[in-house]
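The chain below stands alone and is given as structure tokens, in the form predicted on its own.
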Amino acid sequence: MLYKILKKENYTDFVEKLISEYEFIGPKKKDKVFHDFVPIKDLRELDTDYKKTTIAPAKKLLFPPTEELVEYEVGDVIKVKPLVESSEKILFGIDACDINGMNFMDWIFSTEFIDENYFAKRRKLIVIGKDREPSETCFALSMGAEYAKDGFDIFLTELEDRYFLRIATSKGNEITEKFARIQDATDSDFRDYDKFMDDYRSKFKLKINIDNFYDDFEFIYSNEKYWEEASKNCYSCGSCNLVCPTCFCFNVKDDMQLNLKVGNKMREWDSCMIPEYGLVAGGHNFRPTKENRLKQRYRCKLKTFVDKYGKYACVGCGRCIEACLAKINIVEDVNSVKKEVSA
């Protein structure tokens, strides 16, 4: 890791050069509260001061909501052509918990199989992160995801009159040397950065009682009354999954032309919270009730991956709290498990 300083008067020039040289993706304000990561052509479009976490997760650049996997032709010989599309891009202004979400996706798509469609995009994605103010629904600190150790090329932290840069890769070093006027960080810069991080962490107000959840969940698992109450307002709409930076479930569909000779296979996001997700041949449904689906979601996020790999499948971004039409709050539910056990 290299530690550098970029003075604020040189920041605009640095970003403008990146916009002119690369396909540049960054947060753009859509309305009073909503931002989205979209192509940026002009610096005036870029707004890195977003706070609300309802922006679509940046994973969509690597794992699109809808994606062609292969195209095929059926004849005397069946021809199959994999479709792996990628181009070099800069993803700018992503925060630490979303970088940790991408790190989780990196791990998911490489642990038991290598997803070439995902990694073709990941290898060409230059990630430049930036700290942001936590929103009232963000509990990343409780999940240990408020700080990114890796998964980025450059990470910017805004101090009073300068930016403190952590440069994690050779690509990041190449970019800063070519496009930015930087200098080595001094002892004073490190002290100011350390103070910033202390102040930054103190701004996380939402706390989740996750320490004992792994064991406490088993106490509550078969309590039907508890899950009926927790899920009573759930619409089974799947919004929580669709905004989550670590959800990776998908469905694969065939799109065949009318001649029944040419077609393609499409991958699209799926949601474990919708009734059809557990439906199999014969009309049987492994998760027919919303109570069971909510319980499974919490188990998947906070226990299953701890069992298998020692990782939570949640970075505490709070998007699910923001997006839920029924106002179901994962923090309140997890904290209520502790109260139930202690009662």
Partner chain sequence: MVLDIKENKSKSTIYVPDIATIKKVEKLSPIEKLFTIVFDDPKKQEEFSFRPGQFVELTVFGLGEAPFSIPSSPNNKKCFQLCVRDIGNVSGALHRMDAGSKIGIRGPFGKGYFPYDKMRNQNILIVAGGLGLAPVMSLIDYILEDRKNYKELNLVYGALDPESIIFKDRVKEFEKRKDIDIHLTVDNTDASWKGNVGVVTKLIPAIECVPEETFAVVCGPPVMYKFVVKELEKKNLRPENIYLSLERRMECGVGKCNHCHIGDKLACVDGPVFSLWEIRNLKEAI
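No experiment lies behind these values; they were computed from the predicted model shown. Numbering follows the first chain given and starts at 1.
Omitted here: the form predicted together with its partner chain. The next part is about that form.
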*Looking at 74, 185, 197, 159, which is the one with a non-hydrogen atom within 4.5 Å of its partner chain in the predicted bound form?*
74
*asked:* Please tell me which of 37, 298, 312, 277 lies within 4.5 Å of its partner chain in the predicted bound form, judged by heavy atoms.
replied: 277
*asked:* Under a 4.5 Å heavy atom criterion, is residue 251 part of the interface with its partner chain in the predicted bound form?
replied: yes
*Spell out, yes or no, whether the shortest heavy atom distance between residue 202 and its partner chain in the predicted bound form is within 4.5 Å.*
no
*With the partner left out of view, is residue 122 within 4.5 angstroms of its partner chain in the predicted bound form by any non-hydrogen atom?*
yes
*asked:* Is residue 51 part of the interface with its partner chain in the predicted bound form - any heavy atom within 4.5 Å?
replied: no
*Exactly one stretch in 137 to 145, 81 to 89, 185 to 193, 205 to 213 has heavy atoms within 4.5 Å of its partner chain in the predicted bound form; which is it?*
81 to 89
*asked:* Taking a heavy atom within 4.5 Å as contact, would all three of 109, 113 and 304 count as contacting its partner chain in the predicted bound form?
replied: yes
*Would you mind checking 142 to 162 for residues with a heavy atom within 4.5 Å of its partner chain in the predicted bound form?*
151, 152, 153
